[in-house]
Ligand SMILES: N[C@@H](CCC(=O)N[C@@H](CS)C(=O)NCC(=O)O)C(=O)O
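The chain below stands alone and is given as structure tokens, in the form predicted alone.
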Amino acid sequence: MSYTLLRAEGFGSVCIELALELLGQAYERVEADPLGSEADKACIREINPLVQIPTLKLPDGRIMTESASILIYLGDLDGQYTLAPRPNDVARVEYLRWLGFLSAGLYSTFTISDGPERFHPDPATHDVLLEQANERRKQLWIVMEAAFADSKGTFLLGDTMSLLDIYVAMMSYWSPRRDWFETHCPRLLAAVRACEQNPIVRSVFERNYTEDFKPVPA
């Protein structure tokens, strides 16, 4: 038995694809755009009433949602901690802190961007909502950049790539877009570029960011 991942190109499912492939886990990709056709929405709603992705069906049939929770689960799953600090590692605190920060803070702003009408019914307000959501993301990226500005090592938590790096790398392609990220987040960008040296990361990004992905020279 294998995992089943409901995914759409460039969405939050990218980091779960990466985690599964980097960990060598067999999985099936099911295309389902939560902002797409009614058929796609119905496919997701059948197992996730919020109609959100990533939605991951485990080999035993249980359902997991919420990208950070799935990453933490997968990172701990094999007991080898190849992509996550061990529970007794001092880096574990920062790992959990910033996964939560990205999920609860930055990622959540896309709930507004993907459907401003859910927050205010008047279309005249939507441009303001979208602009403010984007400004909030910029503020959050700046906070994280400052927190890691003096950190040492190739990646955010040292010289070993973790799922935190993967999460940042995925989101670096989202609004406010990669050009802004490259200009304002040099320390985070260095970790992202190190991730993109990995052939599995490159392959998944090329599949998901067909127009935006800029291959990093090996």
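Since the model is a prediction, treat every value here as computed from it, not as a measurement. Quick note: we count residues from 1 along the sequence shown, nothing fancier.
Missing here is the form predicted together with this ligand; even so, the following discussion is about that form.
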| item | value |
| --- | --- |
| Listed range touching this ligand, judged in the predicted bound form by heavy atoms within 4.5 Å, from 21-29, 7-15, 190-198, 204-212 | 7-15 |
| Position in contact with this ligand when the complex is considered in the predicted bound form, options 131, 89, 114, 76, heavy atoms within 4.5 Å | 114 |
| Among the candidates 53, 169, 157, 163, the residue which, in the predicted bound form, approaches this ligand to within 4.5 Å (heavy atoms) | 53 |
| Candidate spot 35, 66 and 107, all three touching this ligand in the predicted bound form (heavy atom, 4.5 Å) | yes |
| Touches this ligand in the predicted bound form: residue 118 (any heavy atom, 4.5 Å) | yes |
